[in-house]
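The chain below stands alone and is given in structure tokens; this is the form predicted on its own.
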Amino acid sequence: MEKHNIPFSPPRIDQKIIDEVSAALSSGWITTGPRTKRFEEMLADYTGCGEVLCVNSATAGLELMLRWFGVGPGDEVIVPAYTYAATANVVVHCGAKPVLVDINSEFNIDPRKIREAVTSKTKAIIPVDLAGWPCAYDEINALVKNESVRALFKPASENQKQLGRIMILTDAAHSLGAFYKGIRTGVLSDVTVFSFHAVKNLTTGEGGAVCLNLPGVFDKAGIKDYLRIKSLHGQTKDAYSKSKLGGWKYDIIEPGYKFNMTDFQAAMGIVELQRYDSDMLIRRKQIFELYSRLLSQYEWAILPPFRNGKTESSYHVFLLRIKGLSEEKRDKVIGIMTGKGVSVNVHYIPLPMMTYYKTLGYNINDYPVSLMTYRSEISLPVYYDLTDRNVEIVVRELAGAVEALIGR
């Protein structure tokens, strides 16, 4: 049996990355310093969002914003049932209730289901741009501004009173560089949070960024300054500020968190962002297009959305669905592929199928689209160094495994 060696999503670590990280380590700045600040400025320019704060994970960024908004016990936050656990876990960490709603045929949260789930306890909605495909932001933004929905909103903090409606907090962990109707992710909702985890298109090993796009009544620069303090144990000066002449003195204004990004992480991000549009996204787009061309000959292959007019994915994960395949047979396909040395994955097991969320009373049968999608989905390898030849091997081995099980 021919054995391949095709991983699922290894990070791109080349000499440019190594040199910049080495330079960061040699500079003496290991924690938050000048490179982190430069990376924030670059992200602000790239996204068109005026104020960006880098943190140590997208999870940290989501929780930071929920706590800034005053979300806590007795509150509800609407989250798609089809997402990674972090999206809902941060709601639980705040003492609030995640209200899970079903997705649509494009893997993203269904705006109609959001409206059905809104109550007087709803404080935020967390749309997830799954696999890099942006959610229906026109509908979601219009929904929270609808007079009947605004009338339900019961503000319980100063920031909630100032916004005067449900906050839209986008989990854009997958969608850096995507466009929705010609607008780049980062400015499509009140707040957008990106991830730079090891498997993401742009990686800093671990890391994330918060993009503040709140309405003009908010002092976004002031909010960023406060969030930086909150992300450093409530300390009024970071290490870089304290290094200045006479800058050693600081205060603790609240019991904050340890959510900051380091300079050697930012060093990776600087290199990757400089070549992101001109190199990384181009290659990932080529891989998506090749998968689509090769798979379009198979009647059983349901291709994921990745380009539609002015809306374009970040080409993060290729979410293939297979007609006529049961969950049991899907799992067998994965086993066959793995045995051949071709790594595939599933994005994601819906939250109501997870033990913790089942104990909270969620039932997967209440989310039929999520269940149907999960049972038929296989994520194919996508990464910068994946060759066209390897894409062809993935499709060939997949087709052989699928057709051996469904008989065509």
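For every residue, the number given is its place in the sequence shown, counted from 1. Fair warning: this is a prediction, and the values are worked out from it, not measured in the lab.
Separately, the form predicted together with a small molecule exists; it is not shown, and the next lines address it.
Contact check for 58, 84 and 207: all three have a heavy atom within 4.5 Å of the small molecule in the predicted complex. None of 174, 123, 228, 284 but one reaches within 4.5 angstroms of the small molecule in the predicted complex through a heavy atom, and that residue is 174. Put simply, of 128, 91, 212, 101 only one has a heavy atom within 4.5 Å of the small molecule in the predicted complex, and it is 128. Interface membership of residue 195, defined by any non-hydrogen atom within 4.5 Å of the small molecule in the predicted complex, is confirmed. With a 4.5 Å cutoff on heavy atoms, residue 367 does not count as touching the small molecule in the predicted complex; it lies far away.
Of the heavy atoms in residue 348, some are within 4.5 Å of the small molecule in the predicted complex. The chain is drawn here without the small molecule; in the predicted complex, the stretch among 197-205, 270-278, 153-161, 256-264 whose residues come within 4.5 Å of it by any heavy atom is 197-205.
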